[in-house]
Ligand code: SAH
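Single chain ahead, written as structure tokens, the form predicted on its own.
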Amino acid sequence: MYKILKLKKGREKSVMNKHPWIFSGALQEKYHYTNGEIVELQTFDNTIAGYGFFSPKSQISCRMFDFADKPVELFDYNYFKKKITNAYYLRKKLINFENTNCFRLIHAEGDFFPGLIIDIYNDTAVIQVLIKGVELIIDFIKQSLIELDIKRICIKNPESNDIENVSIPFSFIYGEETDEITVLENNIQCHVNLRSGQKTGFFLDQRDNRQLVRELAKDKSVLNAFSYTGGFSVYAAKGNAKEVVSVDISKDATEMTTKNILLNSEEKNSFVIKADCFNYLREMPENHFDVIILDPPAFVKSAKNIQAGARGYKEINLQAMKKICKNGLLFTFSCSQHITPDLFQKIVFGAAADSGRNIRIIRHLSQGMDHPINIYHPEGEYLKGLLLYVE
């Protein structure tokens, strides 16, 4: 039997609606259980609401992974293996594995597995362990991936996590170690550095948006600002763009962009520039680029700096809107979880109003289908994007 958390009276609504986060203020008392252990959640009248991972220091005291309404004696290897297997078969339905061998296998709450990210790069799995509860069952996760014929398993946690006390450093826990791997996405090759690359090494969530750039880039001058390792740039070149300019402040990123361009033999009319993107956007010539892509890093890391981050998003969008060619296409994104889709659109609206140009939304953009959003957990929709037509 698992230890019990009890909700205060009147705080059961979100649980009944299957929202997976239980905040400390919703609990009847402060519980002193072990970090990461599985607990049973009950409402004030002793009704079982489900099971989750306990976190004593976090505002989110429990992350629910099962909304069972009856007692569960044991969540064993087979239980967690089934979650991973189900996620894999969903990806097989969504992705053509013949032309794409990199994808997100587990998207935390989007796959009913909070605290866990697993990205697949060819035959290698890269795991992000975000909470202690997942760390405690890492052997279950490892064995489940081996049974899916994964040859190498690497753990790459985003940063030190004192609240959750996740302690696994970057390491390979199965198979031969490697820092860099080459993957295939929509028949385009990309180098991915597992050790030094951001997130798990590559921004898999932008796959569909990169493909859209490819479809619209023919005979156009394209600017990829905040280019990172050049994914949008390679796709634009493959779409027969007239010119592709990639700009990033990171030396490592620009070097990897050049490698990825050469890997796909798209070096003609491709230019890679190491520069601060804010300065580049302010100083670039007017009426030169037909397509501009703005995919910056998260400007808002916490709710405290939403206002400062919003100014950053407005600034880069305003400069792009002012400088882009007439009838140009602007792809603009925010991956900041604290910037809601509604707020992002309002920020972009403010930039449009200041630009004085006629601008229309052609399409709302989001993360790829292998990054599913649990309908009961809208916070999982972290990537917001707009495709704008600027007259």
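Start at 1 with the first residue shown and count on from there. Note that the coordinates shown come from a computational prediction; the quantities given were computed from them, not determined experimentally.
This protein has a second form, the form predicted together with this ligand, left out of what is shown; the following refers to that one.
Engineer: Give a yes or no on whether each residue among Phe80, His107 and Ser171 has a heavy atom within 4.5 Å of this ligand in the predicted complex.
Structural biologist: Checked in the predicted complex: no contact with this ligand for any of the three.
Engineer: Tell me which stretch of 143-151, 292-300, 128-136, 83-91 has a heavy atom within 4.5 angstroms of this ligand in the predicted complex.
Structural biologist: Flagged stretch: 292-300.
Engineer: Would Phe75 sit within 4.5 Å of this ligand in the predicted complex, counting heavy atoms only?
Structural biologist: Judged by the heavy-atom cut-off of 4.5 Å, Phe75 is well away from this ligand in the predicted complex.
Engineer: Could you tell me if Phe203 has a non-hydrogen atom within 4.5 Å of this ligand in the predicted complex?
Structural biologist: Contact with this ligand, yes.
Engineer: State yes or no: in the predicted complex, is some non-hydrogen atom of Ile249 no more than 4.5 angstroms from a non-hydrogen atom of this ligand?
Structural biologist: Contact with this ligand, yes.
Engineer: Counting only non-hydrogen atoms and a 4.5 angstroms cut-off, does Ala275 reach this ligand in the predicted complex?
Structural biologist: Yes - in the predicted complex, heavy atoms of Ala275 and this ligand come within 4.5 Å of each other.
Engineer: Exactly one residue in Asn260, Thr124, Asn317, Ser227 has a non-hydrogen atom within 4.5 Å of this ligand in the predicted complex; which is it?
Structural biologist: Contact check passes for Ser227.
Engineer: If the cut-off is 4.5 angstroms on heavy atoms, which of these, Asn161, Asn269, Gln198, Asn305, is the one near this ligand in the predicted complex?
Structural biologist: By the 4.5 Å criterion, the partner-contacting residue is Gln198.
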